[in-house]
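Take a look at this one chain, the form predicted alone, written out in structure tokens.
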């Protein structure tokens, strides 16, 4: 498949999903209502693949009213909780551990609890390949259908002041540019981390017909998020040097760096393409725009191919032969992909927004 086939791809996906059976046990519909109110089609089926009926019964009974809150986070439940379910506690503990590793349950101060939101479940329950055989390909198709056709980002997709993610420029594109802040230089961000864990990207895994060609193992988590994924055996620890090698390798691929839209990058650094990532559509712009020197531009149009946002076109410049590239600064989100892919070195990055453009913190975190 290729760019422009997103509607055809989605229609084929709908045909595959239409033949999947719905679960009969009402517990899945009860749990689905907490995550996606009103959805009786897809979330119940997703949950039925994540949890057996016995496991779903445990999830529905949480939180455990007999467990004492702890200062940290725990997966512990009481003996009384197991007895009320008519189950042996060792069996309950085993199920809880599996559901934690799968991403359905999270440790809290009051013991295990189901994911609070669709997004939280999406990010956790798609990133652990250890359970691929149990879940099956149909499971990933169900997630893909919820996101709709993966069309290119549009300017109107951005919601200034409310975007949960932001574009972070490829570090080579802003190397040496005056005014670059530590929270927008991936080298500084990763160098400051005690723990970096590389994950299989849930977004890429939920779009099996994607066309970007980016490896699944492409999400870098840091801080507490990294420890969470390491605890549930969902990723592997890598060094700063390994992380930079991966990022440098991905410079040759059609991906943008994304992170949470705040200055404290304590969660993740993603490598995203719109064919398999919804976050990139509404991601806030970086503080930069790409600037073109038309005299150096060779008119090869590689930059047009690399730009996911449709910010680059061709035009005739007075006194220059043939058409050369031009950037629309209103559409450009400052990812730097065109800069690092320009063999003629006709592009540079320019700071056009103040540091205040990036919030100190984001309320959802």
Partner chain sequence: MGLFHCPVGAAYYDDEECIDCGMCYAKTSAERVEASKKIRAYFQAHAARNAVPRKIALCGKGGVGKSTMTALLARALRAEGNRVLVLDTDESNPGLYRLLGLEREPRYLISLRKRDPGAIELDGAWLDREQIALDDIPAEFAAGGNGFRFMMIGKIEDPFQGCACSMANVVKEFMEKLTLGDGEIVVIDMEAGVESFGRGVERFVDTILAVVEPSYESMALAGKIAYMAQGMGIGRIGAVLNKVPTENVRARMAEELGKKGVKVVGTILFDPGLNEAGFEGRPIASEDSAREDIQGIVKSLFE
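The shown structure was predicted, so the numbers you read here are calculated from the model rather than taken from an experiment. Residue numbers count along the first chain shown, from 1. C-alpha atoms forming the largest set that superposes within 1.5 Å between two forms make up the rigid core.
Quick note: we don't show the form predicted in complex with the partner chain, though the next part is all about it.
In summary, the region of this chain contacting the partner chain in the model of the complex, judged by heavy atoms within 4.5 Å and restricted to 207 to 215, 239 to 247, 224 to 232, 189 to 197, corresponds to 224 to 232. Taken together, the three residues 160, 171 and 337 lack any non-hydrogen atom within 4.5 angstroms of the partner chain in the model of the complex. At least one heavy atom of residue 119 is located within 4.5 Å of the partner chain in the model of the complex.
Shown alone here, residue 8 lies farther than 4.5 Å from the partner chain in the model of the complex, counting heavy atoms only. Residue contact check for residue 164: one or more of its heavy atoms lie within 4.5 Å of the partner chain in the model of the complex. The closest heavy atom approach of residue 108 to the partner chain in the model of the complex falls within 4.5 Å.
With the partner omitted here, the residue from 275, 270, 99, 283 that has a non-hydrogen atom within 4.5 angstroms of the partner chain in the model of the complex is 270.
Of the listed positions (86, 179, 176, 148), a single one reaches within 4.5 angstroms of the partner chain by any non-hydrogen atom in the model of the complex, namely 179. Taking a 4.5 Å heavy atom cutoff to the partner chain in the model of the complex, the contacting residues in 252 to 268 are 260, 262, 263, 266, 267, 268. Annotation for residue 329: C-alpha shift under 2 angstroms between the shown form and the other one, rigid core superposed.
After superposing the rigid core, the C-alpha of residue 305 moves by less than 2 Å between the shown form and the other one. The Cα shift for residue 35 between the shown form and the other one, taken after rigid core superposition, is 2 angstroms or larger.
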